[in-house]
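For reference, the chain that follows is the form predicted alone, supplied as structure tokens.
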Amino acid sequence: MKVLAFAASNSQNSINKMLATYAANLIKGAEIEVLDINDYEMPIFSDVREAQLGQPQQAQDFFKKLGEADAIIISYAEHNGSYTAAFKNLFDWTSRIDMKLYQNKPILMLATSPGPGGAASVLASAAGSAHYFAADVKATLSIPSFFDNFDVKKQVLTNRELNEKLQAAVALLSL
């Protein structure tokens, strides 16, 4: 099973990347690829730029990565209650290749933040629109107060209840 994991964040110290990586590593025997969306940086999307540039290679490469995966784990960072600008731009460019950019892949959608909200607003938005983009969302999970529930040095979710929920959610990707 090939699992693609990434944070919907361009932060070099992304807690969402830590969470997505941790979740992917819970899948026994999986081939895991963790993407950094900084590798897919493009000009801000507009129809004028699209007419000038066509489909940038970065968007084509990202679309191909999604298609090659057997399952996808995304952990969303929240900026002012919504997607990060970096992810939204990548999403916009890639969806112009094919609106069904998730290609009916089973997806686990996660989100976390340092605060008690756990980026739940962006997670709800992503999950609510996922079907329009051919995402087979198997589960969603918000992890609040990241630094209280995750040991950054050991790279492990320390909250037992949240860890059990995450393990159950990850298991749904294999069904």
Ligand SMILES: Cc1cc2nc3c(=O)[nH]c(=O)nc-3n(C[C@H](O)[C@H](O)[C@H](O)COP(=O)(O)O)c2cc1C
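No experiment lies behind these values; they were computed from the predicted model shown. The numbering used is simple: start at 1 and walk along the sequence shown.
Separately, the form predicted in complex with the ligand exists; it is not shown, and the next lines address it.
Only one of 123-131, 108-116, 54-62, 22-30 lies within 4.5 Å of the ligand in the predicted complex by heavy atoms, and it is 108-116. Of the residues N13, Q167, T158, Q155, just one reaches the ligand in the predicted complex with a heavy atom at 4.5 Å or closer; this is N13. Residue in contact with the ligand in the predicted complex (any heavy atom within 4.5 Å), chosen from A77, L90, A71, L101: A77. Looking at 139-175, no residue comes within 4.5 Å of the ligand in the predicted complex, counting any heavy atom.
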